[in-house]
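Here we start with a single chain on its own, the form predicted alone, put down as structure tokens.
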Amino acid sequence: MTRILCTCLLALLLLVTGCTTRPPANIHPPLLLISIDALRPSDVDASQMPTLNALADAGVRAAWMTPSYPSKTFPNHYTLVTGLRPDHHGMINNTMYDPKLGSFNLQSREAVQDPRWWTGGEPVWITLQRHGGRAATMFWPGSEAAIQGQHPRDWRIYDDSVSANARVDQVLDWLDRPERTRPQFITLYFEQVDEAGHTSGPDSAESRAARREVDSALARLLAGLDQLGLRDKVNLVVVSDHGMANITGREYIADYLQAHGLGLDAIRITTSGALAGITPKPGREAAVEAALLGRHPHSTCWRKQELPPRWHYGSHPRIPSIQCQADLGWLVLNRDNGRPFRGGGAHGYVIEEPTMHATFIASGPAFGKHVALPAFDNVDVYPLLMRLLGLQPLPNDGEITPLLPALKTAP
């Protein structure tokens, strides 16, 4: 009898242990967050992007989504998955300087993969995995760093040579797994529209071709979901980080300084372009401010703490002390490098500009049909993602209320 009792107890212990180590049952449909970098809402139409346009018509489409300031790629992608504005999560631009960490730019693998740059805010994939779930990223700013000591369970180092179709195939591969190992949250990133816009301008034939390329990849994704029997079982949220504008002219920081008897040796320039970040060298603060602050022919410069409050930007220590915002279509550069003006496109302009507006489209079992949403801020996407995953949002700058009309059921 004792042996039988011990055997029963051992079996019960094994059963309990198995139950406690098994991931919780996934009662929420998989969530796929898709970013099409620099896609303007006005470009999602039947002629340029028929697949995405049909998805929007049948599901949820916002008039636009206002990006967080500055309208740059890394700041806004990290805002989308943390719900924090760049001034709060610390990814304040695509290029940065931190006295403890040195320089950051998005081309530096060493910097991009250094978790010390990403300590402000917790992205969706980390929260999900802390609760026993599984996440996968087919590229996303922040996913290459071991934030809080962990990556998404499945992730890829960014490589722009990977085709749009190959990225879709990887996502379908992940979704084709048994439910036990299938990610509940997946990101999918496309940079083709952004790259074409920078090179040739957002209204060029090259940009239209890039939009068609991405739309074709989305058609491949939807066909693949159909084949897997998941078309109506996956929630899709399609966003962009910002828009794109045509470049029409350039101004030069060196000219601003020279007019006051100063040279570039009086400052550190952390970033330039549509938005310039400038720090005076020690002892040169008053002279540099006299040269830079205020209105210029095609730009305006502020002390960072005096930027317009509606931009929610200027308190983070990584933000250079002087910010120069170019007028739409203009660039603020270090100096004239002698290269001929070639046009092209840029972003980083004020978030009120319609050409900087971002895209929001959604479809899936959680969303209603034929829903047209008014414009909202992109910080509101994070609480929506957390709702769709059944997770409690961490403290954030967003509000789910503007997106509740998109959902089938009220909270």
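From a predicted model like this one, the values you see are computed outputs, not experimental measurements. In this text, residue numbers run from 1 along the sequence as written.
The discussion below concerns the form predicted in complex with a small molecule, not included here.
Q: Please state whether every one of the three residues 109, 158 and 195 places a non-hydrogen atom within 4.5 angstroms of the small molecule in the predicted bound form.
A: Yes, the whole trio is in contact, each within 4.5 Å by some heavy atom.
Q: State yes or no: in the predicted bound form, is some non-hydrogen atom of residue 251 no more than 4.5 angstroms from a non-hydrogen atom of the small molecule?
A: Judged by the heavy-atom cut-off of 4.5 Å, residue 251 is well away from the small molecule in the predicted bound form.
Q: If we define contact as a non-hydrogen atom of the residue within 4.5 angstroms of the partner, is residue 141 a contact of the small molecule in the predicted bound form?
A: Judged by the heavy-atom cut-off of 4.5 Å, residue 141 is in contact with the small molecule in the predicted bound form.
Q: State yes or no: in the predicted bound form, is some non-hydrogen atom of residue 43 no more than 4.5 angstroms from a non-hydrogen atom of the small molecule?
A: No - in the predicted bound form, heavy atoms of residue 43 and the small molecule never come within 4.5 Å of each other.
Q: Wondering, does residue 94 line up within 4.5 Å of the small molecule in the predicted bound form on heavy atoms?
A: Residue 94: contacts the small molecule in the predicted bound form.
Q: Just to confirm, with a 4.5 Å cut-off on non-hydrogen atoms, which of 87, 122, 191, 206 contacts the small molecule in the predicted bound form?
A: Checked against the cut-off, the match is 191.
Q: Of the residues 184, 271, 137, 73, which one places a heavy atom within 4.5 Å of the small molecule in the predicted bound form?
A: None of the others qualify; the residue that does is 73.
Q: Looking at 73-81, 146-154, 263-271, 225-233, which stretch has residues with any non-hydrogen atom within 4.5 Å of the small molecule in the predicted bound form?
A: Only one stretch passes the 4.5 Å heavy-atom test: 73-81.
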